[in-house]
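Form predicted on its own, single chain, as structure tokens, below.
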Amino acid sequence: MTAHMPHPAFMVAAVPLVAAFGLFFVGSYRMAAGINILSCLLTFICSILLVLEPGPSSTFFILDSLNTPFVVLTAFVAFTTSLFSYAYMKHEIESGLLTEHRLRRYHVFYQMFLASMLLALQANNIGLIWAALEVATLSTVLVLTISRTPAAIEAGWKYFILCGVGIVLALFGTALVLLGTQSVGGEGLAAMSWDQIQPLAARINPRLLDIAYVFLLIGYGTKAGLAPLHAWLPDAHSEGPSPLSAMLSGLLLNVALYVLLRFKMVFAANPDTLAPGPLLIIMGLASVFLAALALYRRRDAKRMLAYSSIEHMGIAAFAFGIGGAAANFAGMLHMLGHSLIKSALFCIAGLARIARGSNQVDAMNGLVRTNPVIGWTFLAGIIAIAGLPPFLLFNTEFLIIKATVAASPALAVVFLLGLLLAVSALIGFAQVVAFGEPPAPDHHAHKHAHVPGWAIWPAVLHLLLAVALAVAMPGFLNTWLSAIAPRLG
């Protein structure tokens, strides 16, 4: 790589950004969807090239074992979801639920959302990360309200207000970290980079870092969907288009938690700060139990999947709260596995909605009998997200329980109880959806019952990868996660 070539991280974020601006001028749905897919494919290829030939850290970008797996995963999920999105949005237009004119902004902000998340993952600047996540929030609101229904607009406002408050609190926490870094390392742009903050962390006033941590945890924890800051998440997922739900649950939650991990590394480097673990454990357990109990209210399938996302962010936060190399390793692997499986499930739920004309659980009963491909895939996805073998989340939850037993057996019992509550609810949901009695024929639903067969393949690919990673994890992924896990505190 020559000195004149742009940083590879720049290329990964630039492709979707350029595509977003270009899509402003494309009115045809087919052409816009094609550009959307092509841009996501190029972004994914760039992410692979970035891994094969990583560039050095620069003023604005950093690439290491912590963010590289998430960059590749984000680009991959965005690509597969763009394929599903083509079929899903085509149905929305043909059924009259959306017009091409109203859909015009969808692909623009799909790419803007992707660019902002990739920028947040790679940015070597705490201010740039904050700004990127703010752009992601605005992009999400504009896609979420695309149907213009009262419920969607209400969900959009709730998302905007709650995440807006969260991002303001995160800004205050970011400013405190910057203030502390400048007090020991001097002013300048370098004071905002992880490269500068991390080595200076041990000299920063620990009380200042303690206060900053609380604001950062509340701020970015809101965007990660951790209880009790999760209220936006169920509404946003149930009212937004299924591809958006796949991106929100599969990618945005991960990015917010990733930012918290970056700051956790800073706090872990200062021995005089309060231990960040207990707060993460409390929020993690609260998320697991709240979501597990909510899963028993089986009304809306997408809302159930949203609560499942809260549960899994709680599981990951709990693992990082326990800390240590083993728990941190399992937590990061859990984030990767959840991203693959949950994005697949939202795509399958979108296909089930097309087939049955509703997100309501009652309308989806007996999918295995009436729509075998969707039904069996949905069943496999629910088994996967419940943390049962042979899928990756079984491995990660086992590793987290093992690490918790070593740290605190009593805590392990509480954590296991939360997992069992969630598994029981999900198995009951799977039984109803897969093998329940199908509802009486609905002429309105059957009118829109055409489901393109190939649209299921992105979800199937995700689930197959979740099995493959559980059976034989690639050596490079193991190396990445093992290298960074001890540094997370």
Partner chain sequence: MIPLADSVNIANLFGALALLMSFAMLYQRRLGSMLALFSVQSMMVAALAFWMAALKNAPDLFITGAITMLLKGGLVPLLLMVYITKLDVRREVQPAYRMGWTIALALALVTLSILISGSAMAGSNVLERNMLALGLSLVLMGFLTMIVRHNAVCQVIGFISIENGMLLAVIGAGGMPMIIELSIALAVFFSFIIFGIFFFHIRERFDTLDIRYIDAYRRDRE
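All values derive from a computational prediction rather than experimental measurement. Residue numbers count along the first chain shown, from 1.
There is another form of the same protein, the form predicted together with the partner chain; it is not shown, and what comes next is about it.
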Worksheet entry | The unique member of 200, 290, 131, 103 whose heavy atoms fall within 4.5 Å of the partner chain in the predicted complex | 131
Item to complete: Identify which of 184, 179, 282, 97 has a heavy atom within 4.5 Å of the partner chain in the predicted complex; exactly one of them does.
Response: 179
Worksheet item: Non-hydrogen atoms within 4.5 angstroms of the partner chain in the predicted complex: do 127, 189 and 208 all have one?
Response: yes
Fill in: Any non-hydrogen atom of residue 323 within 4.5 angstroms of the partner chain in the predicted complex
no
Worksheet item: According to a 4.5 angstroms non-hydrogen atom cut-off, is residue 271 in contact with the partner chain in the predicted complex?
Response: no
Worksheet item: With a 4.5 Å heavy atom cut-off, would you call residue 215 a contact of the partner chain in the predicted complex?
Response: yes
Worksheet item: At the 4.5 Å heavy atom threshold, is residue 150 in contact with the partner chain in the predicted complex?
Response: yes
Practice prompt. Tell me the stretch among 140-148, 263-271, 336-344, 244-252 that has any heavy atom within 4.5 angstroms of the partner chain in the predicted complex.
Written response: 140-148
Discussion item. With the partner chain taken in the predicted complex, which residues across 301-329 come within 4.5 angstroms through any non-hydrogen atom?
Written reply: 303
